[in-house]
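What follows is one chain in structure tokens, specifically the form predicted on its own.
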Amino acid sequence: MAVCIAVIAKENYPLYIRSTPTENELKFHYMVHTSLDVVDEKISAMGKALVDQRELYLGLLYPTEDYKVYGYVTNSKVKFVMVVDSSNTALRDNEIRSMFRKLHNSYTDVMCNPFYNPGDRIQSSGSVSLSRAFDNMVTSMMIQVC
């Protein structure tokens, strides 16, 4: 089960951050922002030769005592960061990959919406129903127990 999911723009500002429980929200925001350095290191380590064949899933960025932080980057350099509770040992690497694929597909649906301006925050409030659909999908990933 994910405890925090973030979508970070190419320029490293947050487009969407959702965390549960809310009393640790600042801690999760800090974890997401500190993981961006690791994401940049992993992207640069792949080299320019692998740009066309690049694996979007970055894997485990770093573990802490209570949480594990995973990363994913799109072809347009938008980053997805997911913080997962370390006590959930049933969650395997391929399940994390599929969660990122679902997140990427849902993000693509938001980007394809003609009423969404690329670079704006993804907010569930407002008239854009795809933003609410994205938020509902993230909520289902956070509640889901594997």
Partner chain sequence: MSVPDYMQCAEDHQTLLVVVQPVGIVSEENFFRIYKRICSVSQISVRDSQRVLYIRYRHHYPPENNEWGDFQTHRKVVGLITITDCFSAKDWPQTFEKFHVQKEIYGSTLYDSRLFVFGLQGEIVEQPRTDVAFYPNYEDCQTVEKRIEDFIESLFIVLESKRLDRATDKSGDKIPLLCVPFEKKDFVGLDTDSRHYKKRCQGRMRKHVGDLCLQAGMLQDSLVHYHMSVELLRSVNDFLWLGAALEGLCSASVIYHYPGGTGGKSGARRFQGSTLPAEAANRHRPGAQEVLIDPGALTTNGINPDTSTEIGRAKNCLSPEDIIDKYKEAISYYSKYKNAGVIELEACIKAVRVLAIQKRSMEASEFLQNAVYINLRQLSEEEKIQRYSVLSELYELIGFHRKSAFFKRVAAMQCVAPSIAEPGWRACYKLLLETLPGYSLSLDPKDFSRGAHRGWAAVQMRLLHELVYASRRMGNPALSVRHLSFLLQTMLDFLSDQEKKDVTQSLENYTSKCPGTMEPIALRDGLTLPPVPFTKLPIVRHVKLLNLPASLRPHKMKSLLGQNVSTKSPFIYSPIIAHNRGEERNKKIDFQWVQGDVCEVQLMVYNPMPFELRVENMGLLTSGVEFESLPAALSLPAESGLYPVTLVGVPQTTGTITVNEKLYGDFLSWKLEETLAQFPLQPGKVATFTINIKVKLDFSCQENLLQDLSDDGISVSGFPLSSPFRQVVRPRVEGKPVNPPESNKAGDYSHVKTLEAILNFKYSGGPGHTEGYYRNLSLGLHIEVEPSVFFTRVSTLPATSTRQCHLLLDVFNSTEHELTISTRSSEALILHAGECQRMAIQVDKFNFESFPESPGEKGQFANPKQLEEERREARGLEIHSKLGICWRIPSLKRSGEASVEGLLNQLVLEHLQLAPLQWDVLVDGQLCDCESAAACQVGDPVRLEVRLTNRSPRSVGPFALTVVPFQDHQNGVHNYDLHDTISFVGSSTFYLDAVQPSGQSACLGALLFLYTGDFFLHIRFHEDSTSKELPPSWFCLPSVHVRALEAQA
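Residue numbers count along the first chain shown, from 1. From a predicted model like this one, the values you see are computed outputs, not experimental measurements.
The form predicted together with its partner chain exists for this protein as well; it is not shown, and the discussion that follows is about that form.
In the model of the complex, none of the heavy atoms of residue 2 sits within 4.5 Å of a heavy atom of its partner chain. None of the heavy atoms of residue 115 is located within 4.5 Å of its partner chain in the model of the complex. Interface residue remark: residue 41 is counted as part of the site for its partner chain in the model of the complex, having a heavy atom within 4.5 Å. Within 4.5 Å of some heavy atom of its partner chain in the model of the complex lies at least one heavy atom of residue 62. The candidate spot formed by 13, 32 and 121 lies fully in contact with its partner chain in the model of the complex, as each residue has a heavy atom within 4.5 Å of it. A heavy atom within 4.5 Å of its partner chain in the model of the complex is found for one listed residue only; from 46, 91, 36, 111, this is 36.
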